[in-house]
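Given as structure tokens, the chain that follows is alone and in the form predicted on its own.
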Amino acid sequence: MIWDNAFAVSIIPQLLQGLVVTVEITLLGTLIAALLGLALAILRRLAIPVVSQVVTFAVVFIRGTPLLVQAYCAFFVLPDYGISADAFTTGAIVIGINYSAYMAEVYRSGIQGVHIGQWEACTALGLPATRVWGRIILPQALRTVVPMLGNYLIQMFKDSAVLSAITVVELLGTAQAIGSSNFRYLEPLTIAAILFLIISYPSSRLVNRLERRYAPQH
């Protein structure tokens, strides 16, 4: 199959629309993952064995099962039990929950990295938990994990292609639709790959700069 420049140029607007959907679902999924992951990390830190064990099991289960299987279950199985949403919403929630398990571990490592003396000082002063977490622990912990969270954002952007399997019309889904309707896959899939690279490569460079900026000073 020979590359067709005219066809390639004609499908770029459609692929850019798919790219917009990919970016939207990545940002929404990241918001869900960041907030839920932080909640899971804090719950695991609490001195309540039952809660900690349940959260630990949930994190292990989510991390141990493929994103594609989770997406299929959410989109095709849950509606049988009265829980349903459109493909975009389902995809954003699924990828957000999936990555929350990974971000929870990142947050946990950041929290554990806070010097024990900080915790002891808070206990000695009798500070309320909300102030301890909001003013002392989290600001220090988050500073060290920003680069890793950025890496997960980039990974989520690329993994969003999996959601085309549940009819989310993101970048890959758009490329597949164009290919099947025109019986030409070379141009749409190649351009889709280039668009993924155009977004992910500069983002990874930015994350590398953040890693150097927030690297611990010795």
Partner chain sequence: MRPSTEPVPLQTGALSESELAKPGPIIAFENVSKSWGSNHVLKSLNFDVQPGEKVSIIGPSGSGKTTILRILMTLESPSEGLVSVDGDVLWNVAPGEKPKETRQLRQTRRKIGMVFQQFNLFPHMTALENVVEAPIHVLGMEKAEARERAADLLNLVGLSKHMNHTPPQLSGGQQQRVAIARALAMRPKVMLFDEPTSALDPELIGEVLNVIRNLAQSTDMTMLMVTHEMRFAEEISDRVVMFDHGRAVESGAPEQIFKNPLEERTRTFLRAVLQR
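Residue numbers count along the first chain shown, from 1. Fair warning: this is a prediction, and the values are worked out from it, not measured in the lab.
Although it is not shown, the form predicted together with the partner chain is what the next lines describe.
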Quiz prompt | Per-stretch contact check against the partner chain in the predicted bound form, the hit in 113-121, 144-152, 95-103, 79-87 (non-hydrogen atom, 4.5 angstroms) | solution = 113-121
Exercise. Indicate whether residue 73 is a 4.5 Å heavy atom neighbour of the partner chain in the predicted bound form.
Key: no
Quiz prompt | Close approach of residue 140 to the partner chain in the predicted bound form, 4.5 Å, heavy atom | solution = yes
Self-check item: Within 4.5 Å of the partner chain in the predicted bound form: residues from 127-147 (heavy atom criterion)
Solution: 127, 128, 131, 135, 136, 139, 140
